[in-house]
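As structure tokens, one chain now follows by itself in the form predicted alone.
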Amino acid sequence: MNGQEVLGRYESGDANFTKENLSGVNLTGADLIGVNLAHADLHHSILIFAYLNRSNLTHANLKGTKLCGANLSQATLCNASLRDADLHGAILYGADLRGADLGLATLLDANFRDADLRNVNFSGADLRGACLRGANLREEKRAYKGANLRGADLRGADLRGANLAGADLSRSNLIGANLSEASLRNADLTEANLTDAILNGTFLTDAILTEANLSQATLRNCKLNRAQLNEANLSDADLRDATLSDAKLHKTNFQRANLTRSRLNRAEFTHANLRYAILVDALLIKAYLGRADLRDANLTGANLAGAELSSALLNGAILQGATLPDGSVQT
């Protein structure tokens, strides 16, 4: 079936193309609002700038399909295969993509605002500049796995308020991405690149950030309770008012980081690099700082009651007004 036949049927009132073979069809700019393409084969078809609002593409085969600039707002794409598809600039506002495969897809500047992306496979996808504000990518045990964004390119992506709980973002590229107020509870960000990323008010409780790069990232009021940040790079990061209670920070690099008023109670800083870090008024109650490097760090007014500091390097550190491990206050 060619493009003209498809349009002819649609214009005559027949919007049902369930299980049809439409592979390679050219429907550039076509108006197919509300069309039913469930289980249809559209692989390598051309749907550039097509209007597919509220369409049904459940289980559709869209492998390698060109959907640049297409409007798929409120469309249903559950379990659809969009592997290696081109959705550059596509609009998927409020779309339902649960279980869809977007592996290796081109999603530059695509709009996924308020979309349902639970259990979506984004592995290797290019999401540079994409908008995922308010999108739902959370893990639901016994129902949905967290979204697979392993190795995805999310440079500059807008993920404000997105629910990425339990998502796999290991080795993903999030340079300059905005994740403010997003939920990343239990998310896997192992070796992810978050350089210059914005994570203000972000929930990263129990997240895995082992060897992640967060240099120069902004994490003000970020929640990192029990997060695993072993060997992560947070040099020059802004962590003012952040919470890292019980966090694992073995060999973590906090050089020149701003941790003013941060809550680090019971955090484990074994061999961590805190040189020149700003820890003014920080809470480090019962923190373990074995062999930590605090040379030239500013700990003015910090609370170190019960902390392990005996083997830490403190040359040049400023401790004025700090509460020391024995409860005394440094004058």
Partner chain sequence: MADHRALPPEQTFSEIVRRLEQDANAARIKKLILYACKNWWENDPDRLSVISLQSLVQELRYLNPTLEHLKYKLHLLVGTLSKQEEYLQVATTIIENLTGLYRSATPIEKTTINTNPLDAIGGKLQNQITKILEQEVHSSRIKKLMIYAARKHWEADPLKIDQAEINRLISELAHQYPTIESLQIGLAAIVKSLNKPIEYAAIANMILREMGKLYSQEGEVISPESTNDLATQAVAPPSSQTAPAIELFDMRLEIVKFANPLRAKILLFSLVYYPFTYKEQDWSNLKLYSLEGLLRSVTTVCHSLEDLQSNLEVAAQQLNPPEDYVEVVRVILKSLKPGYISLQQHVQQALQITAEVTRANSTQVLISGVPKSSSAIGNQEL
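Numbering follows the first chain given and starts at 1. Keep in mind that what you see is a predicted model, and the values were worked out from it rather than measured.
As for the form predicted together with its partner chain, it is not shown, yet the points below apply to it.
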| item | value |
| --- | --- |
| Per-stretch contact check against its partner chain in the model of the complex, the hit in 221-229, 197-205, 239-247, 253-261 (non-hydrogen atom, 4.5 angstroms) | 197-205 |
| Proximity to its partner chain in the model of the complex, single hit among 82, 209, 137, 157 (heavy atom within 4.5 Å) | 157 |
| Of 280, 48, 32, 285, the one that lies within 4.5 Å of its partner chain in the model of the complex (heavy atoms) | 48 |
| Contact label in the model of the complex: residue 184 to its partner chain, heavy atom within 4.5 Å | no |
| Its partner chain contact in the model of the complex: residue 125, any heavy atom under 4.5 Å | yes |
| 4.5 Å heavy atom contact, residue 301 to its partner chain in the model of the complex | no |
| Contact flag, residue 68 vs its partner chain in the model of the complex, heavy atom cut 4.5 Å | yes |
| Sequence-ordered residues of 215-250 touching its partner chain in the model of the complex, heavy atom within 4.5 Å | 216 |
